[in-house]
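This document opens with one chain alone, in structure tokens, the form predicted alone.
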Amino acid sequence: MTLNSEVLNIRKLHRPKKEPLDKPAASWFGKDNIRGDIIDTLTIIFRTSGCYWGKQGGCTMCGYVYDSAFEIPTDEDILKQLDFAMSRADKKERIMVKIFTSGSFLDKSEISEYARNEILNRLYENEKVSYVLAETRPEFVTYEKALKCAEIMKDKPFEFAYGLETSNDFVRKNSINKGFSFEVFKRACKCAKKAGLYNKAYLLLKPPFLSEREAIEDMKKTIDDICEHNLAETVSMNLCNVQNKTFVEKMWERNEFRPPWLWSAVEILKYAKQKYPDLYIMSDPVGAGAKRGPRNCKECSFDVADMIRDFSITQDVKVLDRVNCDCKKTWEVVKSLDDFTFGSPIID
């Protein structure tokens, strides 16, 4: 029994819901710091046929595969999804658009080449749009595809975002089941840079089977590897939470997994910003304070999560000293002990 077969067995028990094909899975506004420019950001989750890797099993923590369409959307459906999401920007003067598919923007089985080019053309022609980001698995990145995106976007900055999770191939395979190597990520980043595009790496703090201390060290080493190889201008660290119908949820239900402490994220962010001041590093602790989400104690979790979000916008490392709490002592003890439990909770 392999990790992938375990994940696939869970996937087989669930199917995507029947949702309209001409509306995105989700869209919302937030704020981002784009290499020093703080801007309103429209995130669009396109409803596509789904991540090819997720259909084969996929990542241990990912429940986004269930956002895929129950049948394959047409190009017209995809473009209507764009129009629906962009209508939310009517009252905005200047925005960034983030394109997600819960899979890969460059995978033609999800978004055809025609639809991809049309999406980028429409975003380029829209005067409100200043930046565009699109998420893709790195195996779909070629220099030719990157160059085509650059040619369409012309003077508007365009960025590929990748769910790297970690630079450690052993962890990526045996804890996350990601399905590609660090070398594939490096190649994709170099292709994008050669075409004049930017790169963003999404990382994952504390996947299954890692202790709190191991997870912290894994993130620090990953950031070192990204910066030392000059691969990405921006790093976003996701704090592993417990999504429905996933392998991580199955572990969590058996009390074999606890999401990371928020203090761990604070330590990593401080380390990265002090060592690499030109790196834009951010984190949005989704579900912070809930049992399924990253947390400290009940008294400080929400304040620390807000502190992390404020740092992500300002990039001011001093912000990360704004909140303190006695539970830091408990966190320190956990770091010293839970190596012996392979990441299973010592304390809830």
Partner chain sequence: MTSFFEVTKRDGSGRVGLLRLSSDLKTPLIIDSEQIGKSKSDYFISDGGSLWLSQNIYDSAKSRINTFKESSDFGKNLYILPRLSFTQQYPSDSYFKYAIKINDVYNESGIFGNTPTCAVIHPTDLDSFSKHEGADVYIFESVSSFENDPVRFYNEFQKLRLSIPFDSALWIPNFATPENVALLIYMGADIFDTTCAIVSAGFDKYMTNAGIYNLNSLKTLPCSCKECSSNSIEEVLNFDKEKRFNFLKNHNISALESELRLATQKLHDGTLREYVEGQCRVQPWLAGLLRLYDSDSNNLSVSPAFRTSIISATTGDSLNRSEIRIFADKIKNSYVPPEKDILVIFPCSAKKPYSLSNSHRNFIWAMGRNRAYVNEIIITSPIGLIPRELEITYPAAHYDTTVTGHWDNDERHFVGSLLENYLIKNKYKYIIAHVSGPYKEICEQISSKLKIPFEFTSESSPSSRESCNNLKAALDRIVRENKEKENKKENKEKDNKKENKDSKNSENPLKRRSFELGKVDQCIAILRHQFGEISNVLYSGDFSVRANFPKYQLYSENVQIATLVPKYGLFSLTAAGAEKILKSPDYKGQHTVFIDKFVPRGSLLAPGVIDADKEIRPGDEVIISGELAYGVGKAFMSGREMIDSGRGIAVFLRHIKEKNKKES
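Because the structure is predicted, anything quoted here is derived from the model rather than measured. Numbering follows the first chain given and starts at 1.
The same protein also has a form predicted in complex with the partner chain, omitted here; what follows describes it.
At the 4.5 Å threshold, heavy atoms of Phe247 reach the partner chain in the predicted bound form. Taking non-hydrogen atoms only, Leu8 never approaches the partner chain to within 4.5 angstroms in the predicted bound form.
A residue is said to contact a partner when one of its heavy atoms sits within 4.5 Å of a partner heavy atom; Met251 meets this definition for the partner chain in the predicted bound form. In the predicted bound form, at least one heavy atom of Phe209 sits within 4.5 Å of the partner chain.
For the candidate set Glu159, Glu165, Asp218, Glu110, a heavy atom within 4.5 Å of the partner chain in the predicted bound form is found for exactly one residue, namely Asp218. With the partner omitted from this view, the residue of Leu120, Val171, Leu239, Ala272 that lies near the partner chain in the predicted bound form is Val171 [heavy atom within 4.5 Å]. Contact annotation: the partner chain lies within 4.5 Å of heavy atoms from the stretch 174-182 in the predicted bound form, the single such stretch among 174-182, 122-130, 149-157, 83-91.
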